[in-house]
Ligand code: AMP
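In structure tokens, the next block holds one chain alone, the form predicted on its own.
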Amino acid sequence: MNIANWLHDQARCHPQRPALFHGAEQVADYRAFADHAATIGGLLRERHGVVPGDRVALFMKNGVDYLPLMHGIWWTGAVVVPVNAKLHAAEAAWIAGNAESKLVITDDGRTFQNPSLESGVELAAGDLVASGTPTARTQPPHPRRAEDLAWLFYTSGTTGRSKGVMLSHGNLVAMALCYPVDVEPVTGDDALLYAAPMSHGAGLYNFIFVRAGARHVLPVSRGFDAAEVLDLARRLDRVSLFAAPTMVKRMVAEARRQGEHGEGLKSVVYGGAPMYTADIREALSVLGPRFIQIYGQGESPMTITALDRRRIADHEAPDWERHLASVGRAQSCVDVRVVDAQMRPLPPGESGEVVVRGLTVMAGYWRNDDASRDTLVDGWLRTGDIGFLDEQGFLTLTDRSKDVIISGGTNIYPREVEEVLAQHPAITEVSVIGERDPEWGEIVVAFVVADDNIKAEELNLWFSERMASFKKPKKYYFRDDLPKNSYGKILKTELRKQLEVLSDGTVS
């Protein structure tokens, strides 16, 4: 059940299929890809004493060595601990220590001089693949069971210390097999472009593309550059990628600037943060019907719901507006419910907490039994997201449970306020939070990035013409940008800190 078996099988059946690309240049076929991984597995075992079950952390930018390193770790039966390269070294050191990592692999092998790693944690450079003799091609990955730990993923930690999500080989197999059923089919002619961090969703999508013998494209920039993405799509054709909504907006702006329409792009799978309907409408108008939405969490990676390409693009369908505002229907490997505080299912149309159970749901949090008990209840994962299901099973998210604003005894969901404001042509970004108020309990406050000449009064007029006045922001704060974490999510925790010291820029 070792997930690396898929690479081993592909190398045996289709050794000469193109596999790894640095930009538009092929650097390895599937035989070489598997050789690299097997060699790394041998070096981890022989030089560093890595044994099955050990944790090996990767603290690296995207690159052509990332996939061989991940598969090499699995080849020897160890566990990948992916750490986002945008984190501070102190944050990465904490994750490596909390995971009790045997080894941390970085780009240069010289990170963590200050702060240092915990005693006993080794450090290695990411060029392991270049320093060993290829392992015999017939040697398969170390046997693993479905329940064995494979991927120890640390949450973004926007509300406190990160927690280690334990995902097994079985979890990863189930997640990968959902993709061709619920997202779109994959063939050997396709290519997956890793523009988002491979330590997260973009990296998790590698499995089904390996299974299909497809191409894996690592941008020369080692990150996201809208012009580079469009160029690679043109040159390689049938390119798919996972993108956060902020990345989609930049791609759309760049395509509009170049007068292009996304030639060569097969699909853009978006998720990880809210995509406002105004933004997806514009994306469709510029790039066409290439978009698929997924909703998931690290605790059930990429696999809670999906909204397919046809439903997103078919603006003539009678329920198009409603479906576009949703995150789709439950994926094939999970059950999804909306429940009240006592975990009782709620009827269609009634908002509550989204819960999910199925083959992709984590075993729990690493070394954190209290958090595991709070989050996993009778087999159901409590997502912390608020939403409602309709009669057809489409899920619409309204907010995180902790973000709901209670003003005058009435619940106001920031997402619905943001949706209205985001439609204003002058607004680039918006985030809505609640502020304590002696009269109302809380009032609605909006942080916006907008054209310099827009006034709060104009925004309130716009809002009042589209939504109930009691949901209207009582204050606006205009900013050049909004604080985000390393994955592009707006940090409402940081906005709340700013709000504590702010005293100007308000409107009643």
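Owing to the predicted nature of the structure, the values given are computational and were not obtained by experimental measurement. We number the residues from 1 along the sequence you see.
FYI, the form predicted together with this ligand isn't displayed, but the following is about it.
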Here the chain is shown alone; which of 377, 220, 181, 406 has a heavy atom within 4.5 Å of this ligand in the predicted bound form?
406
Of 170, 298, 262, 140, the one that lies within 4.5 Å of this ligand in the predicted bound form (heavy atoms):
298
Using a 4.5 Å heavy atom cut-off, which of 86 to 94, 172 to 180, 70 to 78, 271 to 279 contacts this ligand in the predicted bound form?
271 to 279
I'd like to know if residue 149 sits close to this ligand in the predicted bound form, meaning any non-hydrogen atom pair within 4.5 angstroms.
no
Would residue 397 count as touching this ligand in the predicted bound form under a 4.5 Å heavy atom rule?
yes
Does this ligand get within 4.5 angstroms of any non-hydrogen atom of residue 293 in the predicted bound form?
yes
How about residue 411: is it within 4.5 Å of this ligand in the predicted bound form, going by heavy atoms?
yes
Shown form as baseline, in the predicted bound form, CA residue 442-residue 325 shift of 3 Å or more puts them closer
Which is it in the predicted bound form for the CA atoms of residue 385 and residue 442, closer or farther than here, knowing they shift by 3 Å or more?
closer
